[in-house]
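Read the single chain below, which is given as structure tokens and is the form predicted alone.
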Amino acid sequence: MAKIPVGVLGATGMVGQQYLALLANHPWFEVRYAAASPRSAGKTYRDAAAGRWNAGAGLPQDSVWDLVVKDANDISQAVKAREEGTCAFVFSALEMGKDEIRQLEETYAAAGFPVISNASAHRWTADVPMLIAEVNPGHTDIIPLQQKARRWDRGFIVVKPNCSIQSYTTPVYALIAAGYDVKRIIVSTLQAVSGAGYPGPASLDMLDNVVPYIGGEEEKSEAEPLKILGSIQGNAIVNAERPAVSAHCNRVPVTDGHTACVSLEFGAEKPSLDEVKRIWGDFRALPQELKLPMAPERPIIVREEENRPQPRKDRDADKGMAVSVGRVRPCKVFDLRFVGLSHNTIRGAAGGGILNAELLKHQGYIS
């Protein structure tokens, strides 16, 4: 099968770099177009990313280093690349103001590009699906309505949620899918510095320190799961009524991996601890059934050790795409508590975006 040529907007940033690294040997997609800010435009990717590479040991294909970076604001260059067969759709890892991102992503979609976005600009657009592929793959059914409302032909926008919710939303969904009513959640997140991008917080802010505030993060953590767990009604995705979520978000001196300490309250029927572990260990969803390339074999990995999961030991589990859970125990205020962990720049960013694109390809929205 010939690989689909893809573009990455914001290719020189941290999430853009992860896209290039993770797509290096992808069986379906190949990066043939890279775009970034005007200050990077006109340079080879090698020169534009010089001194900024932060995607670890992963490296792009050799051919990517010699790509001439385009100006992400100049849509005509992407259109020309599509005509030349080098950009069928784009991953958006743009780093600019929210209004600017919203407008630019809409411009790409209007020009006929499917846009798979990591940005928050369209997460609350009513007809834009916010996907965790294992949780709400059916929300892509709204794409034709999105296109019709805007008179877009082939283009559309799909977004992934905030990285802070990845470490607990899938485990919570697995319990809901098993028939248990989750009423309320209290969660405290311990979020890695890579979540702030590069160069991120100053070292004097992070060394020997915890910062108990991340702008906008608690609001996202409390609201986004409700859209993901919601349903399509008419021309919009309507939020689920519950669970109610109370979040405390903290920046901690960890490179990669967001940890969440979670307490859950159930409705009338409450699962035993063994039942919870069984549900999580057995959980499989559409990406696993389809054997999508980026999908983890086990979306949720249950750790039995009393001191796991830990970022350094568990963040890379199953390509960095699995959620690791542990310390499953009773809660003296609610019913159940556990610790969840996910890799914020893989599962929570580029890897999650690639998995969404794989799902969209399978569903026929990308070709």
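For every residue, the number given is its place in the sequence shown, counted from 1. Everything quoted here is computed from the prediction, not taken from an experiment.
The form predicted in complex with a small molecule is left out here; the points below concern that form.
Visitor: Report whether the minimum heavy atom distance between residue 95 and the small molecule in the model of the complex is within 4.5 Å.
Guide: Yes.
Visitor: Would you please decide whether residue 119 lies within 4.5 angstroms of the small molecule in the model of the complex, comparing each non-hydrogen atom pair?
Guide: Close contact exists here: in the model of the complex, residue 119 approaches the small molecule to within 4.5 Å, heavy atoms only.
Visitor: Closest heavy atom of residue 73 to the small molecule in the model of the complex, within 4.5 Å or not?
Guide: Yes, residue 73 is a contact residue.
Visitor: Is there a heavy atom of residue 38 no more than 4.5 Å from a heavy atom of the small molecule in the model of the complex?
Guide: Yes, residue 38 is a contact residue.
Visitor: For a quick test of understanding: in the model of the complex, does each of 12, 16 and 349 have a heavy atom within 4.5 Å of the small molecule?
Guide: Looking in the model of the complex, the three residues 12, 16 and 349 all sit within 4.5 Å of the small molecule (heavy atoms).
Visitor: Which residue, 171, 195, 287, 114, is the contact with the small molecule in the model of the complex, using a 4.5 Å heavy atom cutoff?
Guide: Spelling it out, the residue with a heavy atom inside the cut-off is 195.
Visitor: May I ask you to choose, among 46, 52, 329, 312, the residue with a heavy atom within 4.5 Å of the small molecule in the model of the complex?
Guide: Selected option: 52.
Visitor: With the small molecule left out here, work out from 338-346, 24-32, 316-324, 299-307 which stretch has heavy atoms within 4.5 Å of it in the model of the complex.
Guide: So the stretch in question is 338-346.
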